[in-house]
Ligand code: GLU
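In the form predicted on its own, a lone chain appears below as structure tokens.
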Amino acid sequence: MSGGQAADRVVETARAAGLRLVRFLYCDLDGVVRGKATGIAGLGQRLQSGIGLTVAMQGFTLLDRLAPVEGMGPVGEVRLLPDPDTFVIAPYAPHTGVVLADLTTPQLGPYDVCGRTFLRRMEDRAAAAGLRVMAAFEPEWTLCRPADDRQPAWEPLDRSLCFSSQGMDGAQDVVDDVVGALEAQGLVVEQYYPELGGGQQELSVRHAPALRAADHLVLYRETVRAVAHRHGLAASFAPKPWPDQPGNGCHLHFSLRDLDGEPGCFADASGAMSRLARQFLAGVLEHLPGLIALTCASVNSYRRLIPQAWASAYRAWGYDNREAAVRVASPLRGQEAETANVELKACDASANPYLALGGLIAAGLDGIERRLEAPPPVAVDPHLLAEDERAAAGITRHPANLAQALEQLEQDRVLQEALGERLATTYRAVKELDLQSFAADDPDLEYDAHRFRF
């Protein structure tokens, strides 16, 4: 279907559904979903020409402070150009549709500070190698209720136990509405369970090609937050919403297929990883110290990445090792080749999913190009090993904070080249302003600022 035909289909569907507004959404460099909306009368035109947006927006932080980036001030404009294939009717907002957008130049050409464009470039790079990257983000989120005259103003919905049926019962009305809303938008729900923290939920959706997987996370976050709000509650995707509660990860699962969609290039019929898959995994491990600046992208992220919290604190991999940064998941019996996948645990929802997944692809492809070999898998909690044992096995701690991760990212030639100078420079400027904003070491400010931002 041509672009014009797809746009016509969106207009026809929107009018038939009685929509009044359609939101053009994008995810900024600080992981915040932003956008503008068009009235239905102008939808057809704006699907073709986009909506104007100040060029400064990609320099904004999660506190709405503008990073000092050359060319990102009050002068200049980009366009929010929607991808008609992402159009959905929002089940949680009356008479409203949603479409995900690229940031483009005013002439509708590629804009080098657009995360979605970056991920598309990395998909093209994988395709040139004969590969299609499949992925799924697996978000954890904390369902919160208003606190009674206390600070902070919100608290976890309950204190239920991990995987407990009581936790399911307490959240059932919200979760049922979330599932219905996701399915109405074409996202296939795979599993649901209450997680370890009070009010913490985990609900996974089916994998998709990389760009669609990142799109799905944006729609997922929008849906969960809005449904919770309609129940008088709030949903936090923050990496560490409270100091005394487990953090929220957004684990990134990935696998490789050939361009025809066949999974055999990643694992054989027994589920054993192929040499190509092991090289891709080795590339992810090689670049993980810098990649974490894209996947654990906030000041708050590094409160989660601590030993023995099942979040991963070490650069290591293993089979079903949930304390390793990279876990090779057990495939399903009878579907070994189709379900074999690898999970990056060092990832959370403060990340721009397009940057996180694009960076992962760049790292993995470098592993294939250089035929890297991963170190032996780790079959124990890495924290229980002596320091000399970890050193001998090539196991290192993650960066201790966002500043250290940014330094690693800046030193990573492969990731810098993949991002491109303009995107890499702007990303760093935004994150450095975050570091300055939270430099006072005021935990309350940090927790409050991050709790409901993502």
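Predicted model only: the values in this text are computed from it and were never measured. Start at 1 and count along the sequence shown; that's the residue number.
One more form of this protein, predicted in complex with the named molecule, exists but is not displayed; see below.
Does A184 reach the named molecule in the predicted complex if we count a contact as any heavy atom within 4.5 Å? Contact check for A184: no, nothing within 4.5 Å of the named molecule in the predicted complex.
Does N300 make contact with the named molecule in the predicted complex, using a 4.5 Å heavy atom cut-off? No.
Proximity of E202 to the named molecule in the predicted complex, heavy atoms at 4.5 Å: Yes.
I'd like to know if E195 sits close to the named molecule in the predicted complex, meaning any non-hydrogen atom pair within 4.5 angstroms. Result yes; E195 sits at the interface with the named molecule in the predicted complex.
Pick from 351-359, 285-293, 184-192, 243-251: which stretch has non-hydrogen atoms within 4.5 Å of the named molecule in the predicted complex? Correct option: 243-251.
Just give me the single entry in L259, M168, A309, A93 that has a non-hydrogen atom within 4.5 angstroms of the named molecule in the predicted complex. The residue from L259, M168, A309, A93 that makes the contact is A309.
Here the chain is shown alone; which of R278, H207, K345, R225 has a heavy atom within 4.5 Å of the named molecule in the predicted complex? Result of the distance check: K345.
May I ask whether E140, R304 and R322 all come within 4.5 angstroms of the named molecule in the predicted complex, judged by heavy atoms? Every listed residue reaches the named molecule in the predicted complex, so yes.
Residues in 385-412 close to the named molecule in the predicted complex, defined by a heavy atom within 4.5 Å, in order: Read in sequence order, no residue approaches the named molecule (within 4.5 Å, in the predicted complex).
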